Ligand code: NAD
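Just the one chain here, laid out as structure tokens, in the form predicted on its own.
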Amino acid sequence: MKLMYINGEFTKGMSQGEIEVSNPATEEVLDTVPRGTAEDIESAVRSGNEAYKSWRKMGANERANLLHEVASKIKSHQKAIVHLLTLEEGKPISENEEEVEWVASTFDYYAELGRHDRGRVIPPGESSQFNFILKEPYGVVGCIVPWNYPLMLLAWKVAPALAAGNTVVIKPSEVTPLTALYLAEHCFDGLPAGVVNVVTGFGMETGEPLVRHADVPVIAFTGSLATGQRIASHAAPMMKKLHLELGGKDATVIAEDADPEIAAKAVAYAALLNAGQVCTSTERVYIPQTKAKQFTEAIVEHVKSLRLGPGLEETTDIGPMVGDTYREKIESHVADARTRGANVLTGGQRPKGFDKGWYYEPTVLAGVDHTMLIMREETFGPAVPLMEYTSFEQAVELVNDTKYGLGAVLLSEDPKKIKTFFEEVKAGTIWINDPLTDNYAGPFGGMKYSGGARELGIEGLDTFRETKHVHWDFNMEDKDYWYPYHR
């Protein structure tokens, strides 16, 4: 059993049993972790609060050096982390190598950003005054991390939170807790005790007590809309700062001028990365009616060429889904689309020859429309639904016809279409010809029901800082605008 990490020590805490962690490629149990309780959350928060007293006052240089040390240790353990991540979550090795690189670089990035920025000085109203803005940490931040990018999305929260002077309590997904505990053992061990705490467990038993805790002023969560709404309802009475990234139903529009072969590769990558289990996965593809045949054939041919298999095999393009429940969801979406008249052009079933593992064939559908679940609800699986449009204006309207607004992709070299797209589409990230590529300095997050949070960039740091304005008059003297008004 891998133990929880509280106040710099590994412990079973007050856990009530164990949680099995399985390999999605084989369904074999990899290890177990404690089934944490509200009492464990209480211990972790108490530890975080105690550590916060000194961590928030630590000099910027020392704190930056400690965060760089975390990054350095992640790099030195990269091979082991990638291997464990592949066993635990299922993505191919190449995708996990990229994830771990992002984790290390995120700590390096925020180490320097935290050293560089604390606020600003503003012009005073009078010559005897001094006005400045301070950006201050909140205290203990609750970081609730999903299973699809269990380390990268952890880093996007933990690194800026620590750089801002907060301490953290991490609640990893019960599906993928092993890698978070590995970081605690090998990479966070140089931080002062209590600065980082990791409590394993189920959402209702550990996540909800973390959200409800009076001494946790900030909750940073990535996950489903339903869970985000539940978190918001619990947090509202305590006026907590919420950092919610709640997924999406992202679209890709292929313009008439796009090259079919390049478009096919871009769409496949955007839709099938991590078996489609990405919040920014392309889950709706709009193709011009005038060239529908060309684009459809190119996409189908390319998707058919991709290899499904275990993530540890170097020839694998697409790994298993993380669990059977998630596979059943895409199966229900495909079945609904078929019932409503869609055609499955390739895939659409569990692959033959795989006795174990939660695999599902990459699936391309044509003839879909917005009455179908696969075009309305988050599928989170390896599906490429194609819908035709008659004009670019209609395509933009279709992209916006969703309650989500996380990201959107356009494949085109037409500057007028590109300008129209990024001005009219309601989404937090617009990708032109390079889907799902992020930038450490560029804020990531959504609009509408996608939650409105921002990770990365200075915006990601500011999420974990509250603003204080200091108005200082050097002259302590009677002001002519004080009482009494009639002197």
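None of these values were measured; they are calculated from a predicted model. Start at 1 and count along the sequence shown; that's the residue number.
Heads up, the form predicted in complex with ligand NAD isn't pictured, but that's what we're talking about next.
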Can you check whether N148 is within 4.5 Å of ligand NAD in the model of the complex, heavy atom basis?
yes
Within a 4.5 Å heavy atom cut-off, is D189 in contact with ligand NAD in the model of the complex?
no
Contact flag, G119 vs ligand NAD in the model of the complex, heavy atom cut 4.5 Å:
no
G319 within 4.5 Å of ligand NAD in the model of the complex, heavy atoms:
no
Work out which of the listed stretches, 111-119, 285-293, 365-373, 139-147, brings a heavy atom within 4.5 angstroms of ligand NAD in the model of the complex.
139-147
Hey, with ligand NAD in the model of the complex, do R230, G247 and F380 all fall inside the 4.5 Å heavy atom range?
yes
Answer key: of C279, V384, I254, L162, within 4.5 Å of ligand NAD in the model of the complex (heavy atoms) is C279
Just to confirm, with a 4.5 Å cut-off on non-hydrogen atoms, which of Y359, F392, F107, Y326 contacts ligand NAD in the model of the complex?
Y326
Neighbours of ligand NAD in the model of the complex among 340-365 [non-hydrogen atom within 4.5 angstroms]
none
